[in-house]
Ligand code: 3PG
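The chain below stands alone, shown as structure tokens; this is the form predicted on its own.
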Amino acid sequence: MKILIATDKPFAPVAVSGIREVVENAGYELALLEGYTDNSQLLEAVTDVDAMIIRSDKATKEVIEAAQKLKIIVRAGAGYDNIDLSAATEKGVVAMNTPGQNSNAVAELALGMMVYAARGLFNGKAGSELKGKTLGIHAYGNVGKLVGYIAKGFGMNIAAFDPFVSAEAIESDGVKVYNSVEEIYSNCEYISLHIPANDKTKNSINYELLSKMPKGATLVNTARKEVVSEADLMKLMNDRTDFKYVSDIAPNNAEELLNTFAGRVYFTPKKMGAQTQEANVNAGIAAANQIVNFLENGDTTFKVN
């Protein structure tokens, strides 16, 4: 059987070596498509593969249909909105992610961006400290939990809102629980955003919600750009000269925001949350092991469709 790594943003070489070891020790062939520049290259590469590992690459219906032998596709990372799940299900292809493998890398970046925002984007002027400030974690999953853990080391007060995690589980980490999204935004100077992008969450971070945040508030987004309403963000930034927005995902109107609100907004050049050597290795090898376990044992533990 043939397993393809298809990555326009390649894994670190050490990660590829680890994936190769897992795949070849299982008796399978490994193929590489790295740094490709056109979708036609991906369509050609998938024609004879049994399994795929991708990162932020788009596994569209066209790609899935072109992969005639495809049995499983694994997104090396937590989010999987880059996979057309309906097309995969229709074709009998199992789709998986690798939850938790990139979590520490994303959490560290979130705290790094908080420090950057608090210090005025390192403009040489007096900024503020994180100690004593209240951090609200919107979605207390793998990443959110680690953000809270690290932020405690800064001396921050930690709160969370997540209707899918029990209050007991959150409180056991020494984290205050808020029972509504409006409540947590109203009471936290910093919000770290970790919600997925779906029909319910897209554009849900809107003017009404953000305007509830206290004076001097900062929103940190290491989730997805689609969850923040760009029009509402622009309006809020105009109305609230004290508000800051830093994100690992540049919005479509990034240039306008940067030009209009210099010093109050920052976007990483590319999505950097999982861009550490350790996360590369963890997620890549996890993806390879999940594929082997599925092909040999039918293990669908991390199936998302």
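Numbering starts at 1 and follows the sequence shown. Remember, predicted model here, so these are calculated numbers, not experimental data.
Same protein, other form: the form predicted together with the named molecule, not shown, and the subject of what follows.
If you check L219, M213, A78, L111 against the named molecule in the predicted bound form, which one has a heavy atom within 4.5 Å? Flagged contact: A78.
So in the predicted bound form, is the named molecule close enough to K271 to count as touching (4.5 Å, heavy atoms)? Yes - in the predicted bound form, heavy atoms of K271 and the named molecule come within 4.5 Å of each other.
Do N102 and the named molecule come within 4.5 Å of each other in the predicted bound form, heavy atoms counted? Yes, N102 is a contact residue.
Is R55 near the named molecule? Define near as a heavy atom within 4.5 Å, in the predicted bound form. R55: contacts the named molecule in the predicted bound form.
Is R20 part of the interface with the named molecule in the predicted bound form - any heavy atom within 4.5 Å? Contact with the named molecule, no.
If contact means any heavy atom within 4.5 Å, which of 271-279, 64-72, 32-40, 251-259 contacts the named molecule in the predicted bound form? Partner-contacting stretch among the options: 271-279.
Heavy atom contacts to the named molecule in the predicted bound form at 4.5 Å, residues of 198-226 in sequence order: Only a single residue, R224, comes within 4.5 Å of the partner.
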